[in-house]
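Have a look below at one chain only, the form predicted alone, in structure tokens format.
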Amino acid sequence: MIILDTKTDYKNHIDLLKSKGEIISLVPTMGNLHNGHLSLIKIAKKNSSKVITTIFINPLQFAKDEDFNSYPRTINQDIDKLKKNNCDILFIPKNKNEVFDNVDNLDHLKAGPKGEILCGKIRPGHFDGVLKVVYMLFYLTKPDLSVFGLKDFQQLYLIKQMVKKYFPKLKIISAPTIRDKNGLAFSSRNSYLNHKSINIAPLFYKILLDGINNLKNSKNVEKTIKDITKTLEKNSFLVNYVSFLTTELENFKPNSFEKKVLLSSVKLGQTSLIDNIEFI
């Protein structure tokens, strides 16, 4: 695996791969890699001849009171995992200037109304920051395809919309959420959970699944959301939101046959958890 930390070296390697006709896939990450990330790399490997992973903790998507400085940094372990999973190139920018020449030039990248609901409502500006870093990584890499997880459903939706406008030839692959055997979705922030919270956290997924089943029987969206919220709160979760939407992040009618998604964000102690479940 080739490890690069400057934009110049990175672009030179990309040009070399392109000259050889390689099919390039990109898996952007913020590091602290877990089985969810590794599943994205495996999917990328099946769909391309060269897999590039990036590790960059993007300051633009963190608010002042969020965990940028304490975000888990496990670079040596990450490198070992990537080597074992046959990643071809790892780009670890040595500073933010290796990604952003001039952030002001990216002011046109706005998540818009669908980036201001759900997680965007509780984290103002977060998705604008996400789109800026993903845009620059796509611009530098010029990949043929890129893989993102469905766990971050709103993020994936917004990235797809941006790609349609600015990178129309780029294929985005949506990868299924990878869960621990107890049902908890893998996340880098799970490492924040203390011993007590680790035992409670798997209830998040179970309660959401029960809510989906209840909605199918009752057809009452408002009551189901209230019941889910009440059950989560009884189990020590602080609820940020619970929402039933279509996969286009629009309101849906419970008796329709279109694909739907239950989206939720909670805090357990000091740890933020999100989960999103698609269903029909």
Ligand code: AMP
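Please read all numbers here as calculations on a predicted model, not as lab measurements. Numbering starts at 1 and runs along the sequence shown.
From this point on, the text means the form predicted together with this ligand, which you will not see here.
Only one segment in the set 109-117, 162-170, 92-100, 184-192 has any non-hydrogen atom within 4.5 angstroms of this ligand in the predicted bound form, and it is 184-192. Of the heavy atoms in residue 215, none are within 4.5 Å of this ligand in the predicted bound form. Contact check for residue 50: no non-hydrogen atom falls within 4.5 Å of this ligand in the predicted bound form. Looking at residue 239, you'd find every heavy atom of it more than 4.5 angstroms from this ligand in the predicted bound form. At a distance threshold of 4.5 angstroms between non-hydrogen atoms, residue 176 is in contact with this ligand in the predicted bound form. Residue-level contacts in the predicted bound form: of 204, 148, 138, 157, one residue has a heavy atom within 4.5 Å of this ligand, and it is 148. Comment: this ligand is not present in this chain, but in the predicted bound form one of 249, 40, 225, 232 has a heavy atom within 4.5 Å of it, namely 40.
Scanning 5-29 for heavy atoms within 4.5 Å of this ligand in the predicted bound form gives 28, 29 in sequence order.
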